[in-house]
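Read the single chain below, which is given as structure tokens and is the form predicted alone.
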Amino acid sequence: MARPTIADIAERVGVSKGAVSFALNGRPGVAEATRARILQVAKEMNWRPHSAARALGGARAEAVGLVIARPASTLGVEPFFAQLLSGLQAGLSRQAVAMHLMIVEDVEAETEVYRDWASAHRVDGFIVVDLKVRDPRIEVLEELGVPTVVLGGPGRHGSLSSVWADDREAMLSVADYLAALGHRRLAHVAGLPEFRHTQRRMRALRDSSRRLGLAETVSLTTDFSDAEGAAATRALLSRARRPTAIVYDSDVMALAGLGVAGEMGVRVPDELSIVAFDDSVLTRIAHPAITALSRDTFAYGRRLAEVMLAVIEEPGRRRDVKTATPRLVVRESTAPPGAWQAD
């Protein structure tokens, strides 16, 4: 069915298109009885203003755009993103603002969506996730001039606002805890290497190795999937001098690693300690329950929404909002290494 137009409403009511335009836009120049009839017919016909026409009139789209360049199959099993999106939408809904979500294959496709949505005035602002090292999206979004908030930091992202938590500080707390237990050979099953937060976590672990005098640290990068998390764990546990503790960049990979340890006869935590960088119900119902860096991800998403709405209201004011650093919650998957492992 074709989208109803102002001309369709005018024909149904028996008035001019100008009268319909005045009535729909709340302008004087039409009798109140006629205005009421026009609005009633528009409602019956399910008429909605065209986005291009709204843009020309300076009206808001009442929507925010989020484009994610990751495999949909990977996102579908990540509790972090589910909680983040729930909190984000809850925060936007309080102001009756919708969220347009699209999952694409790569950054090039993501950039094209930004250009298309901006030109069509589909959204009032963009939220950018998975901040990259020397991220090419920053320049594009500044060029488009659409209010934008980057999830990630620290540091300035041109003129764009940001909301972030300190991944480095969080990783340092994990290394300190494991070293205090007596671990000297640590491994890190990390995410995608082009992500800025992945690089910050890897550097934090390397710095901790020097600061704490650890015997060995190693980082393996993955696509965040359970399959690659499991493969990385097998590679680490097949080493002649395998690590006594592994830190995973997601709860899904930590759970996969726990399964591989069982498959290879490596007891957790007696022979291997496991820590997850994200906390969720998965880490709590695993056996043994997994030690994790925990935060209120729903509240994190809601805070992101608040900043996005504030940036839309005052687009000329850049905001840099640091949220609470994830805190370490100790569970049954970590323990001091056995005497034969500690050397």
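Throughout, rigid core stands for the largest set of C-alpha atoms superposing within 1.5 Å between the two forms. Quantities reported herein were computed from a predicted structural model and do not represent experimental measurements. Start at 1 with the first residue shown and count on from there.
Not pictured, yet referred to below: the form predicted together with another copy of the chain.
Chemist: Heavy atoms within 4.5 Å of another copy of the chain in the predicted bound form: which of the stretches 132 to 140, 104 to 112, 200 to 208, 176 to 184 has them?
Modeler: Contact-bearing stretch, as computed: 104 to 112.
Chemist: Could you work out which of A72, A235, A215, V266 is the residue within 4.5 angstroms of another copy of the chain in the predicted bound form, going by heavy atoms?
Modeler: Going through each option in turn, the one that passes is A72.
Chemist: Since exactly one of G158, G76, P154, G259 fits, which has a heavy atom within 4.5 Å of another copy of the chain in the predicted bound form?
Modeler: Exactly one residue meets the criterion: G76.
Chemist: On the criterion of a non-hydrogen atom at 4.5 angstroms or closer, are I6, V307 and V329 all touching another copy of the chain in the predicted bound form?
Modeler: The answer is no: none of the three residues contacts the partner (heavy atom, 4.5 Å cut-off).
Chemist: Could you tell me if F298 has a non-hydrogen atom within 4.5 Å of another copy of the chain in the predicted bound form?
Modeler: Result yes; F298 sits at the interface with another copy of the chain in the predicted bound form.
Chemist: Does any part of M99 reach within 4.5 Å of another copy of the chain in the predicted bound form? Heavy atoms only, please.
Modeler: Result yes; M99 sits at the interface with another copy of the chain in the predicted bound form.
Chemist: In the predicted bound form, is there a heavy atom of another copy of the chain that lies within 4.5 Å of any heavy atom of L255, even though the partner is absent here?
Modeler: Contact with another copy of the chain, yes.
Chemist: With the partner left out of view, is Q89 within 4.5 angstroms of another copy of the chain in the predicted bound form by any non-hydrogen atom?
Modeler: Because a heavy atom of Q89 falls inside 4.5 Å of another copy of the chain in the predicted bound form, the answer is yes.
Chemist: Going through 172 to 211, which residues have a heavy atom within 4.5 Å of another copy of the chain in the predicted bound form? Please give them in sequence order.
Modeler: Heavy-atom contacts to another copy of the chain in the predicted bound form: nothing from 172 to 211.
Chemist: Using the core for the fit, does the CA position of K17 change by 2 Å or more between this form and the one not shown?
Modeler: Yes.
Chemist: Report the direction of the Cα distance change between R35 and V97 in the predicted bound form, compared with the displayed form, as closer or farther; the change is 3 Å or more.
Modeler: Their C-alpha distance shrinks by at least 3 Å in the predicted bound form.
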